[in-house]
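The chain below stands alone, shown as structure tokens; this is the form predicted alone.
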Amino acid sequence: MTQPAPSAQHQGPGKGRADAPASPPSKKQGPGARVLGFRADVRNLSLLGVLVVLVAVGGITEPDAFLDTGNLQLILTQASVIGVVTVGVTFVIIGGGIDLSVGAMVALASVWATTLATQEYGFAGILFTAMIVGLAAGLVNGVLIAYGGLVPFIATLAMLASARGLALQITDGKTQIVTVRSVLDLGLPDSYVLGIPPLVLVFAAVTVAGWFLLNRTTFGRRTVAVGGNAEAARLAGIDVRRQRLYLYLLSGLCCGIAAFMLIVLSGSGQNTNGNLYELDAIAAAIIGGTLLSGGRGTIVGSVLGVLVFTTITNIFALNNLQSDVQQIAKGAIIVAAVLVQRRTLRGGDT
């Protein structure tokens, strides 16, 4: 008599269905992976379509104001700061984590980089300080989570509170004005390249680098594997703890870059900088197709999510709609995106 095949629960580690993301694709897994990949492309095209519709709506409701070159440049510039943060957050979520501290890290980096002592070193001093502070905060998050065993939600929530408190202590509740001319000049129209603000070019560079890192490097493959199934990734030879540390370092670096961009835009450092950036970044990643459970996501989708949210905010502002209406609209979009994700997952498993 032929013995029945062993069930998944009796198989060794890495043999079950849950370990599929980190194991070599089999013939049985291939169609599902192709379906999910196709749906990711469809989702990105859908987001692009939504963006086109929003531009059309803005052009109809406020044609003179919305389609003005200055307003379009403003939308892209505002999207650039939160967009850089979102790239880092996307990596963290794909890797199976979460980062609630990005807004606070932006605030801390911005106020530390605009102290009088730092400004004595000019442009390089401000940029270097912002990036180092972001990296240091990301390092603390990564060590606590990867090697300290803390849950990402708790560790980053603690960092949120600590970084906000330290930023407030540094500024004493006051705005720190930037006096370095070379930094302030980056926000002026004279510095635009072919009509494109320099900060938008920085955002584009970070996006391209993030896309390449996720889709064309071993680092990206390891990130997806760790987020899909950390135990299977460990058995495959991946240092899971070190990979998680790198992800939070990357998120911190993105926050440091965003902090410098915010300094350029506002000409100051404030402890209130980056307020609710964590919510905006996570929301943009979610509607872009990144799974909160980890293991799947795209940089392109996250960037489109940022542009959709920024365009909606701009349209609401031009039409004098209250901020509470904007938050309600964002909440509805997030819920719709999660429902679409659930349907996509069910479809991919069939």
Partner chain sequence: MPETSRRGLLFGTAAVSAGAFLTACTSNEPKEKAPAQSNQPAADDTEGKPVTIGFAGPQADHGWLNAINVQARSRAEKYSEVTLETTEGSNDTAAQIGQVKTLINKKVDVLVVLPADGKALTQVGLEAMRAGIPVVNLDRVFASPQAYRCWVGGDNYGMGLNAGHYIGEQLKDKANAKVVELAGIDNLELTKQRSQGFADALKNYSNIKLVARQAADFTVESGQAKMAQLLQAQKQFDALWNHDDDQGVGALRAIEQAGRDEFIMVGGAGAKSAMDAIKAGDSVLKATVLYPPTMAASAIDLARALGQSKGVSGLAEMEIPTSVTLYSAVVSKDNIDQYLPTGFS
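Here the rigid core means the biggest group of C-alpha atoms that line up within 1.5 Å when the two forms are laid on top of each other. Residue numbers count along the first chain shown, from 1. Just so you know, these numbers come straight off a predicted model, no measurement behind them.
The discussion below concerns the form predicted together with the partner chain, not included here.
The stretch among 150 to 158, 85 to 93, 200 to 208, 131 to 139 whose residues place heavy atoms within 4.5 Å of the partner chain in the model of the complex is 131 to 139.
Think of it this way: in the model of the complex, the partner chain has a heavy atom of just one of Leu279, Leu265, Ile196, Val143 within 4.5 Å, and the residue is Leu265.
Although the partner is absent from this view, Trp112 contacts the partner chain in the model of the complex, with a non-hydrogen atom inside 4.5 angstroms. Although the partner is absent here, Arg241 sits far enough away that none of its heavy atoms falls within 4.5 Å of the partner chain in the model of the complex. The closest non-hydrogen atom of Phe123 lies beyond 4.5 Å of the partner chain in the model of the complex.
Shown alone here, Ser80 lies farther than 4.5 Å from the partner chain in the model of the complex, counting heavy atoms only. Contacts of stretch 314 to 333 with the partner chain in the model of the complex, defined by any heavy atom lying within 4.5 Å, are made by Asn314, Phe316, Ala317, Leu318, Asn320, Leu321, Gln322, Ser323, Gln326, listed in sequence order.
For Ser293, the Cα coordinates differ by under 2 angstroms between the shown form and the other one after the core has been superposed.
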